[in-house]
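Take a look at this single chain in structure tokens; it is the form predicted on its own.
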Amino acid sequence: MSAVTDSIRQRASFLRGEIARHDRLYYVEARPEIGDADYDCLYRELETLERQHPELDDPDSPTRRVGGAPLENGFAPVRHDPPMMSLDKAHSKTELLDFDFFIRRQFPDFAPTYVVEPKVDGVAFSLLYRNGRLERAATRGNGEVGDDITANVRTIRSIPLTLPTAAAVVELRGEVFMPRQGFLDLIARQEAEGVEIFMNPRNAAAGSLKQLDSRVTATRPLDSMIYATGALEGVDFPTHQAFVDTLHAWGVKTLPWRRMCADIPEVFAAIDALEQQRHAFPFEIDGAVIKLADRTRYDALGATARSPRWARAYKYAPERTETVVTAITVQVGRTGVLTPVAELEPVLLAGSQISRATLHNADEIARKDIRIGDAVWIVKAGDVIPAIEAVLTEKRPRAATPFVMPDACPACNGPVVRLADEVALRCANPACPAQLVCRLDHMAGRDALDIERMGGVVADALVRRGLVATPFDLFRLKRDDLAVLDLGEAGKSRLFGPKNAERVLTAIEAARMLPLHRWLFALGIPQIGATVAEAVAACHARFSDLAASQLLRDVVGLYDALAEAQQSNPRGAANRKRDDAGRTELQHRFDAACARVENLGESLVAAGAARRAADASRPAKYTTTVKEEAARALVVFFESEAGRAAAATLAALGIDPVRAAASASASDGPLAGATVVITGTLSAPRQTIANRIKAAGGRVTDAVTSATTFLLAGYSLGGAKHNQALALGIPILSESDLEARLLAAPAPAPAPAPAVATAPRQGELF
């Protein structure tokens, strides 16, 4: 091996160690040592070395922490040695006293001390490290045999791929879970897409870990914590505190709450304190775990056939309450999705009164056999969403009525359809009044046209009274019609009034001048949320440019070409068994697709709508400011009858929204020139945080790219944005880090860029 090769290997090893260290400082300790540019230089240098020297390939490199190809043969079995046991449950403090007496009987001259930790409601798993490198991850399974989920676990950022230890074997055991906010975001996406949703965070975590395609797992907001060990060789932990301290030194994430207890009365106080705080955690817990603090006595205590004798799980009484399903109604959403809702006898649960619970879809009702008149247990999924946990079938009255989803829309009696790959039913009538009310409510929303006093009740009255047939009819409303609009129900009159009418008309008139991104979001086009609308608007001068936008079509063409290149790659796993003639044909298709990728990609780069990856892969890799799904949705919309009608109506109304001008007031702010992406749960509404970033001169965008200055991460970490930031070497900041930057001195003004005739770059989001 030459001296040059030795030098390169040493440099690559140094870079990997430094990047891993700085990742830990950002992710675990929130105390970065270097600036963004310095970190980016380290990452790019490592990328360049690995690209130029393929022999440096290392699956543990920070540049490789992404999902890979789908598994073809499912999950391989893994035998646990020692077994992954479950804990014996204690449902009363008397049972914990018995546990303490048992320990004292085994060691008469020993005063036992304990540690109390939260019992995370997730999926138990194990991590096996050999000589410091992650070799395998597995589910618990039946305790003796689990499933190999290594590929999926590698996508979870809180799990280190290497440990700084010389120990031959270190097996760590803990829990994979989905934070509450991540769960809520995930099911919101699932409901909007009409696919079957997860019922609670634990099911969501389990389903995400059992994906055959780890790239899907990488999009799920999973997190993990370690609290125990399995096999150990070359390392030992005499106490639980020593174990935790070592994990901290290794950069392993542990439980955020812990109490060391000198005796059993202190254990009682600790589990009571934990119960009071259980809803403050960003993840679900269903009890407390009480362990003997002295680990050297574990072997002597041994285990039963299924549980260790040195620990107990204290289960809190479930927060649920009983009520009765008085009716099942069906709501029709803005996109026509029919959602069954259980109407309940009002009950108090976790501090709030519950009178309704979503039933999601017909499959969920059938699975739980929910009937009108049933007594049911109500819980809060993720401690937020009211849900029916189970039916008390022993209390079912004879008159209980099974529910059947309607075969016609309950709002308009129009046809109901189920689209391919969806579990939801949809109303197919675009003129459905229920959909129209939702579209009006959406269009008038704060992030859309912000039309004051135009809430759901007013929107419903406008539709019922026949004053609007499309959302654009808002711009044709008359003052007198609005003033006498009757909002009353059940025969009770309640007029809207002249003052409210004046406010609505003033807001409607002001909406004519709102920027393009607000109008794009207001139209309610599928896949075009508030953040995506900002990205689209940043690449177009005005609304009338969108229908014939070549840029949008180039984005669609780019991703089509990338898909063709992937399918026709002669070196792809699916194509390796082709004969010579087949491979030659594939090579021609592959070359043509790669050429098309570069032509379209470079065109988008020139327009300021894409960036090319630094590596020399083939086909070339590009990151577009407008997402593929958004570009496709817009092209389809403007080619549809509804899209053409919307464009024509706006033109007839004399409305042609333009791109928002860049604000000059924040050009010298502390975040001037910074591009920020937000993820996770924050202490304030995301819109508020985004506005503060904008006021300081920064831009908030939706996707993490190499142009991102930093990722602002709340306390629900994980998911695609977080993993992408780590893969690209983008710094991850906490809210306290952001506050420090906002209070910092203004950034120096950048040197003026040479004038280039290009389209604007991606605009700020929110």
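Since we're looking at a predicted model, the values are computed, not measured. One-based numbering along the sequence shown.
One more form of this protein, predicted in complex with a small molecule, exists but is not displayed; see below.
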From the list 551, 120, 436, 292, which entry has a heavy atom within 4.5 Å of the small molecule in the predicted bound form? 120
Sort through 355, 329, 506, 86 and report the residue having a heavy atom within 4.5 Å of the small molecule in the predicted bound form. 86
Using a 4.5 angstroms cut-off on non-hydrogen atoms, would residue 320 count as touching the small molecule in the predicted bound form? no
Hey, in the predicted bound form, does residue 255 get a heavy atom within 4.5 angstroms of the small molecule? yes
Mark residue 627 yes when one of its heavy atoms lies within 4.5 Å of a heavy atom of the small molecule in the predicted bound form, and no otherwise. no
Is residue 589 close enough to touch the small molecule in the predicted bound form, meaning at least one heavy atom pair within 4.5 Å? no
I need the one stretch from 206-214, 405-413, 222-230, 512-520 whose residues put non-hydrogen atoms within 4.5 angstroms of the small molecule in the predicted bound form. 222-230
